[in-house]
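One chain comes next, on its own, written out as structure tokens in the form predicted on its own.
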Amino acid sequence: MKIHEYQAKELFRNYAIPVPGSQIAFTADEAVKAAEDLKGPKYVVKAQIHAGGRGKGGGVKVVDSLDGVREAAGQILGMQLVTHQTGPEGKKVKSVLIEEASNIASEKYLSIILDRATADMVIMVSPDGGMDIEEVAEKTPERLLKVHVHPTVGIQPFQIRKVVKFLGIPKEGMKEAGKLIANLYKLNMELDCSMVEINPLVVTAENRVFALDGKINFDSNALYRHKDILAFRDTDEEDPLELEASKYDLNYIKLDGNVGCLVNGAGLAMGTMDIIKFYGAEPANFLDVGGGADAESIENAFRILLSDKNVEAVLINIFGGILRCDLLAEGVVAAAKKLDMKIPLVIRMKGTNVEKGKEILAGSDLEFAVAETMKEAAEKVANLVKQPVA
């Protein structure tokens, strides 16, 4: 689960992580009132959406008066903000963060992420903040440091010193930076975060160290332990189809392609998407119905999949184990009839009760193509789409 910058900074304050003075506002009038409570005369007006690159899209403005705050807030609120992370459709801005301007001397990058391969937490830092970390990793990898921290041991003083030195923090700010890193790691572990990012982490001309921005993602499987964090969820920022899928515990992620995919098992789903691309089409989604799916969840999955207007054909790829092929077939037939499906369907099934599943499909009024292999299935569905995506 993602949260907004202003919510991340609220959590930062709870963990004694320094942030500039700021207040959230939902109207231009509220923005001016918020600025009146902050130190001026310069202010930063920042769009609040779940995406990076807001400044490049016109969602961050620096102003030097209350009138400037009103004007900037009026321009940003309600805009459809497009960044490299939102896609071409952008996201509508419904709130702005009004923040005191900082006397910035340098900008750094600091994050803590989970490395699933090593089961470690990784502190990732760069003295080059305020830019995409992917660009730093690609163009100047020597400017990126990764420090692995084992969760059962915790962050050690020598690791903090190593990070502070690599960041190039001035001597006067080292102690404050060290405390910030230790507190950020504590926040990360206690709140079950999958990622915490400060970009930029700034050093001011007075050698103060601040989190000028904040991004936190939480492990959704652990949110039952954090009801207060769950209250931060902004469903307006989530894709409507993904939100609908979450109601039925379906693993669904919307993509930009034209072939709808219904698969059981994350690995098989990823392999299915790869082979669809190989044969010239593009997957419209990742959809793993899981091993314990019943006819109702299959029907819900199919309904959500077909709700995507970009879907021109559907590929069902099932390896029947816990999820039997006959159960899958029953769910597909029920959903297709209820939704009056008009687009082509390709089905590839293997495993438990596969013959019974094929009989159910054959006895229905559905028009579909059967494939025996993934290769055959991908070729057929790629040929069925009207205009395969290049």
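Bear in mind that the values here come from a model prediction, so they are computed numbers and not experimental data. The first residue of the shown sequence is 1; numbering continues from there.
The same protein also exists as the form predicted in complex with a small molecule; that form is not shown, yet it is the one meant from here on.
Trainee: Where does the small molecule sit in the predicted bound form: which of 40-48, 336-344, 27-35, 322-330, heavy atoms within 4.5 Å?
Mentor: Single hit among the candidates: 40-48.
Trainee: Contact with the small molecule in the predicted bound form for G52, defined as at least one heavy atom pair within 4.5 Å: yes or no?
Mentor: The answer is yes: G52 has a heavy atom within 4.5 Å of the small molecule.
Trainee: Check V62 for me: does it contact the small molecule in the predicted bound form (non-hydrogen atoms, 4.5 angstroms)?
Mentor: Yes.
Trainee: E100 versus the small molecule, in the predicted bound form: is there a non-hydrogen atom within 4.5 Å?
Mentor: Heavy-atom contact with the small molecule at 4.5 Å: present for E100.
Trainee: Would G178 count as a contact of the small molecule in the predicted bound form, using a 4.5 angstroms cut-off between non-hydrogen atoms?
Mentor: Answer no; every heavy atom of G178 is more than 4.5 Å from the small molecule in the predicted bound form.
Trainee: Can you work out which of I104, M79, V149, V164 has a heavy atom no more than 4.5 Å from the small molecule in the predicted bound form?
Mentor: Only one listed residue qualifies here, and that residue is I104.
Trainee: Only one of G90, G130, G265, G173 has a non-hydrogen atom within 4.5 angstroms of the small molecule in the predicted bound form; which is it?
Mentor: Here the answer is residue option G130.
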